[in-house]
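Take a look at this one chain, the form predicted alone, written out in structure tokens.
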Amino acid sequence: MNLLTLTAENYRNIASARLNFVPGVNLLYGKNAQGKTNALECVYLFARGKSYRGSGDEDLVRFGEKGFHIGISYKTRSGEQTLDYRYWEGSRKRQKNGAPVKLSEMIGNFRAVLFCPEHLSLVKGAPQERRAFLNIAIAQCRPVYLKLCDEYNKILENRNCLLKEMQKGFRYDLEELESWTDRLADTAAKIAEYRISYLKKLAPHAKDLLNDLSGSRETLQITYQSEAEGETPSEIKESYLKLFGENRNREIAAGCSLFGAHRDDAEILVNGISARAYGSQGQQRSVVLALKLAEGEVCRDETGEYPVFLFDDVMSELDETRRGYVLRETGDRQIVLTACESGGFDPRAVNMIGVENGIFTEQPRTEG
């Protein structure tokens, strides 16, 4: 899969722009706060369905305007495709190849792997960082997983509301609690199965990549961590039901659900030792890079094509060895990255686009 073009109108600080991309490495360079990240955010919005920076659509509109319009064209094995998104005063319109689509129908068409500075906390950060990584990666390969997560969150919200009412003594409806508990256990088990299956595919790729990055000095292991036991949905569900049953009074006292897919984690070990607790900063960064590249490998295994790799201002966070690995081992991958300077990039091999105050200037390729 290759990104061909990006168009944007009235998006953040971009009044109007059209960018062209090529296979291989594409560089957006310029000083901070000029629009480089805004362009990558546009692209990734078509993969994730929303801003990865936590902004609502209304926050993406250029100051003084009432809406924005963004679109991409990209090439797959099936040919050239287009995705289009318009937001105008609260109204949203999505299109694929000119035909209207829902958000759920848009996700999974254009696939991308994002690596930004915030992702450096993927190893050392809280469990929700690793759960978010898994959720986003799985949803791009299996869009139905996104619906499952939405369903789980609604069930969890309702169950927690009931537990809160029971905690405060407003009502004590065990029959209703058991109904929500069964639904939560069932959905949590399905989510856990997806995550366990995904990690089994991700782990070998990540292990090989870290082995390459470390010069065969470091071995990576990743395992799914959950209070529930088992690997099949039925086994996991029964384990959850047992946990809920044995801890009913604890949950009522706490006023919330103490077990479920929203509490699970992924344990990352380097040479048999916790990377989160004992890994050096260099090791942790290598692990994150390996995980992100491995995410792309799994996507290729699942879909037959590499996703587009988006590296937002992370090259300065990586040492020369890791930067060189990213740029040297591109293979069939397309990479779009941002940096403050163009120095250090070969103009014969890299498509360079200067960025200043929301204006994008494509630099002519140097022959040779």
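If you're wondering where the values come from, they're calculated on a predicted model, not measured in any experiment. The first residue of the sequence shown is number 1, and the count goes up from there.
Note that the form predicted in complex with a small molecule isn't included here; everything after this is about it.
- Residue contact check for Arg333: none of its heavy atoms lie within 4.5 Å of the small molecule in the model of the complex.
- Though the partner is left out of this view, Arg53 does reach within 4.5 Å of the small molecule in the model of the complex, counting heavy atoms only.
- The small molecule in the model of the complex is not approached by Pro307, whose heavy atoms all lie more than 4.5 angstroms from it.
- Contact annotation: Arg62 falls within 4.5 Å of the small molecule in the model of the complex, judged by heavy atom distances.
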